[in-house]
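Single chain ahead, written as structure tokens, the form predicted alone.
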Amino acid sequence: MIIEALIGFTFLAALVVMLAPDEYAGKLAFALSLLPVVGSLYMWAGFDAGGNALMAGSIAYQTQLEWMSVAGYELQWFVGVDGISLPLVVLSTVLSSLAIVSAWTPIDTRQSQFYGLMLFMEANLLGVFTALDFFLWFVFWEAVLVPMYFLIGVWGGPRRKYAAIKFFVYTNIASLVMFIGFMALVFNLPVGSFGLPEITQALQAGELSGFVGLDPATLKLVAFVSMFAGFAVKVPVVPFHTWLPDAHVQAPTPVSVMLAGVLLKMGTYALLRFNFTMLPDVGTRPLVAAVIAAVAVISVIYGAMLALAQQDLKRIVAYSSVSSMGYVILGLVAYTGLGIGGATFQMVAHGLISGLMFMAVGVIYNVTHTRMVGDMSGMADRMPITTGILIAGAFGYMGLPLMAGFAAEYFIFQGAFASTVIPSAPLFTAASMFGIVIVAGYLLFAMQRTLFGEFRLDSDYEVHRAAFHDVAPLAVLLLCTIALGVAPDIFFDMITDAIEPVVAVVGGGA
């Protein structure tokens, strides 16, 4: 029952913080958020990687209770974790606590509501990564949108309402498209519940029947495309990425941290859990695999080129997320152990590094009140610790060895290169590797202009060193990034054990 305890406590903590006075809300929210961190680390410490895989029918910390019956289908409270979802649960709890601390400086109005919504969002994120009944999962999936809408729309920048509405409309329409595709499968399967393991087993046993003139193979393809399109908006990949820069630029720093660090991973997690696990016979079709690989490579290159053209530090980091998520898609469609394992590891690595980058940019903005590259220079002299951590994070983004980003990208490249599913896999892999060069270009260019040289700031604000509570979350994220880079087996072993059945279905290798 530990999962129920984590989710229930976080919901209760959100309510308590919302009712607390503003002057205590931030500290109280951080204190309460530490219990989910401890709980998730306890789950990680007690997790037995061997055999804990959704497709193998062995799930850790599982609870399955009947909820209600609707139109012949049993709705269940069905939660649990495997080696894919547990690292994301840990990421969600750790990043939520650090994001709350990073809000202490910039959030000075309606603080109790802000921190309450942050905890409410965390509770729903935990539900997304642990729910194993589709109806329950979908409730958590949609509920995440509500706090994010208000966090952007109330505490965001000058165009916050536009960004919040755009985010909500894009993701809501995407959810509808995904929902239709999934239900088209379920209603033509001989299943009595929305349990994801039961549906997965029925699909792989060939129990799908035709629908409105579509044979089972065609119905699978239509459903796969529908779900992929819906999840691709959340990732996001090109051309569904246009909502992301507006949301990031207008959102306050801690919200950007959660958006890039965790919410984007909802899309890639769902792609792995639904598309690539349930419908491997569709994902391994040469044409489908080639199209998805092309989308991945285009996202890598185009996202990096867009970042290269930006002058706003936040937009640079935002577009770099589009590029990084392209690597995840490439690893998933490779259908190799290293490819899918590296993609899952990249979800965690990117969550840490992108969170670090957004926090560092936010700390600089708190002091300078500008994010424009041309408005400042020589910041390293005035804010040495903050800029030092920012530089380290940027090198992590570039794939510096002994940092989490390097390990993730290496796994993905090796797995994609050896893929027998992607036509001309070495060419797609080589093209995606070119993105690293562009990443180095725009990050080094931005750092050179803003952090080094003679000090200059085109505003009247006095630049001083950041407060300890602003720098401490950066240091924690940097240490976590280095720890995963030095010892990727912290998560990678449990990930590879969980994806082994997925790869075995298509006969994929290492």
Partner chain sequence: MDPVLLQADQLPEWTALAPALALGLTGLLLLVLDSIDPNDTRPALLAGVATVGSLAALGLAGWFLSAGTGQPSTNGAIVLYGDALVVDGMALFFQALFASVTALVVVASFDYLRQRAYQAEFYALVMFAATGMALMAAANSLAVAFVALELASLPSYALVAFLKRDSGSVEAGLKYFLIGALSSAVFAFGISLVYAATGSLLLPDVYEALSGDLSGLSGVAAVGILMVAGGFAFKTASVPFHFWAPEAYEGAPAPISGFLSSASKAAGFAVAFRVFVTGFPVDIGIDWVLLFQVLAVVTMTLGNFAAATQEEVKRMLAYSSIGHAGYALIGLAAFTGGAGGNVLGASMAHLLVYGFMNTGAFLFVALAEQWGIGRTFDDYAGLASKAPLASVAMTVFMFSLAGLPPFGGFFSKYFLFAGAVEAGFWWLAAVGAVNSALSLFYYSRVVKALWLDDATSEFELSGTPTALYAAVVFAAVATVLLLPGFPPVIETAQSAAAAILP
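Residue numbers count along the first chain shown, from 1. From a predicted model like this one, the values you see are computed outputs, not experimental measurements.
From this point on, the text means the form predicted in complex with the partner chain, which you will not see here.
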Counting only non-hydrogen atoms, which stretch in 149-157, 278-286, 332-340, 310-318 is within 4.5 Å of the partner chain in the model of the complex? 149-157
Only one of A380, V139, L221, I438 has a non-hydrogen atom within 4.5 angstroms of the partner chain in the model of the complex; which is it? V139
Of F417, F179, F406, W243, the only residue with a heavy atom within 4.5 Å of the partner chain in the model of the complex is F179
Test of understanding: in the model of the complex, would W67 fall inside 4.5 Å of the partner chain by heavy atoms? yes
Consider A217 of the chain shown here, and say whether it contacts the partner chain in the model of the complex, taking contact as heavy atoms within 4.5 Å. no
Any non-hydrogen atom of M183 within 4.5 angstroms of the partner chain in the model of the complex: yes
Does the 4.5 Å heavy atom contact test between I165 and the partner chain in the model of the complex come out positive? yes
I have K161, F194 and V212 flagged as a candidate spot, so tell me whether each of them has a non-hydrogen atom within 4.5 Å of the partner chain in the model of the complex. yes
Residues of 94-111 having any heavy atom within 4.5 Å of the partner chain in the model of the complex, listed in sequence order: R110
